[in-house]
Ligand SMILES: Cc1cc2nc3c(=O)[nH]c(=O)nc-3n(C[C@H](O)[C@H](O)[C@H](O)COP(=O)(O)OP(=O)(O)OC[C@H]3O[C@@H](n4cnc5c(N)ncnc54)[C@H](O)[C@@H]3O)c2cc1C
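So this first bit is one chain, no partners, the form predicted on its own, shown in structure tokens.
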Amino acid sequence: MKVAVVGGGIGGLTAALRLVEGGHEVHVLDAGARPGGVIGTSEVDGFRREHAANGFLTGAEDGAAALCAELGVGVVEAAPAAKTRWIYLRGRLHALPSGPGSFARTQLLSWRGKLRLLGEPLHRARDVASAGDESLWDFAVRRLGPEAAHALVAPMATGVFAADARELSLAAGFPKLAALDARGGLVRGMLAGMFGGGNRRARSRLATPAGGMIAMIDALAVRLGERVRRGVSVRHVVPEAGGVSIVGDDAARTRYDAAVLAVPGSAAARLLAGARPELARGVGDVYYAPVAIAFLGFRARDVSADLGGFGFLVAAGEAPRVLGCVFESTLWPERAPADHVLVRLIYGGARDPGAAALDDAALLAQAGADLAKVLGVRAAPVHASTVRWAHGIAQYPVGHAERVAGWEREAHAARLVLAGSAYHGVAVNDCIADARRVARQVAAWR
């Protein structure tokens, strides 16, 4: 079949790769000067900045690690310190428990909160089939109690989606938790992963491509070769009998047997507005929370704070405005020059979209103030820069999976496949794994 993939982000490129493997003729139509979408890597003042995702977990089935191996891209694991993570709560940092002893000692939860969490197996599973979807927050309060919901689970929503846990779908955002809940064994599964999961951790580690995340994109582009057409703007996508017409800016029409729309929901809505207005309204309603990233680099001797660990997340209601901070050069020393450190601070999201609208001077000032408050870092940075995404991370409200299923049925009837972070997961691993589903759907039209 002749298939158009509209969009050259990680989801579109990987979908194209799987379609080529299936014997299809594929054209990737990407409006940008380079493929990759939000993924990008840049070197500024000797500091390596990742513009979006900074790595991935290696244990994900059919995820980024497997793709890198397939493409011949070397992978660098994060330093062992990545296992240590922090939560800023009640005015100070708390290490996330990593074993039974640290769980007993942690002040993230009171003894009442700990007992409530450990009593989770006594609570009956929720019948999702009859009760329907629920928010991550409601799930956490129901199964683990309000203390654990605030101190442990809500920050997780911030770390993945930059979201408010009260608005985030459990089924769509955290399907593995939903599956554990359905089996009534949430705490047993969590404890196995957090406290007794030595084998699991050996299989799944934080890693990144050697040379940065862009190395994976570049390797995909090389593998696909001339199938990737850069600087191609698509104006309309028009389903027709037995196929799809792609209309460019010059109004020229090219007919394909099928099309994959691997673009943000708002872009898909514009492409479909004329031919499929109802579908366009649906996908156009997907909200992308704005995100602004502040990078600060320091001379190591000017930072007395312990930057051991992955970084920290800030619980809702705390004074620092930052959502979270990643100790980039602790994880991968090559991201900063010798004797220097690099941190990146994330602002905005659905929890505080106004922070992403701050101008560069105000954002960097806020970043400095937050570092001073949380870590006591008051030195002047030798590097300060920002990366912004006005439409950053797709949000999955309660009922998202059901709505997506409806959109996909309508798209399938028109020989269209919806792909990308708006539908089945926002992580790099999710977008890569989703390419298999795309290829299966296209193959069904043969």
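For every residue, the number given is its place in the sequence shown, counted from 1. What you see is a predicted model, and the numbers here were worked out from it, not measured in a lab.
As for the form predicted in complex with the ligand, it is not shown, yet the points below apply to it.
Trainee: Heavy atom to heavy atom, is V426 within 4.5 Å of the ligand in the predicted bound form?
Mentor: Within the cut-off, so yes.
Trainee: Using heavy atoms and a 4.5 Å limit, would one call A52 a contact residue for the ligand in the predicted bound form?
Mentor: Output for A52 is yes: heavy atoms within 4.5 Å of the ligand.
Trainee: Would you please decide whether A31 lies within 4.5 angstroms of the ligand in the predicted bound form, comparing each non-hydrogen atom pair?
Mentor: Yes, contact at 4.5 Å.
Trainee: Since only the chain is shown here, I'm wondering whether L323 would be in contact with the ligand in the predicted bound form (any heavy atom pair within 4.5 Å).
Mentor: No, L323 is distant from the partner.
Trainee: Given the ligand in the predicted bound form, answer whether the residues S233, L271 and S421 all have a heavy atom inside 4.5 Å of it.
Mentor: Each of the three qualifies.
Trainee: In the predicted bound form, which of the listed residues (C68, V38, A401, A411) lies with a heavy atom within 4.5 Å of the ligand?
Mentor: The option sitting close enough to the partner is V38.
Trainee: State the residue from V26, A60, A384, I393 whose non-hydrogen atoms include one within 4.5 Å of the ligand in the predicted bound form.
Mentor: Of V26, A60, A384, I393, the residue with a heavy atom within 4.5 Å of the ligand in the predicted bound form is I393.
Trainee: Tell me which stretch of 354 to 362, 112 to 120, 257 to 265, 314 to 322 has a heavy atom within 4.5 angstroms of the ligand in the predicted bound form.
Mentor: In short, 257 to 265.
Trainee: Give, in sequence order, every residue of 1 to 19 that has a heavy atom within 4.5 Å of the ligand in the predicted bound form, or say none if there are no such residues.
Mentor: The stretch 1 to 19, when checked against the ligand in the predicted bound form, contributes V6, G7, G8, G9, I10, G11, G12 at the 4.5 Å heavy-atom cut-off.
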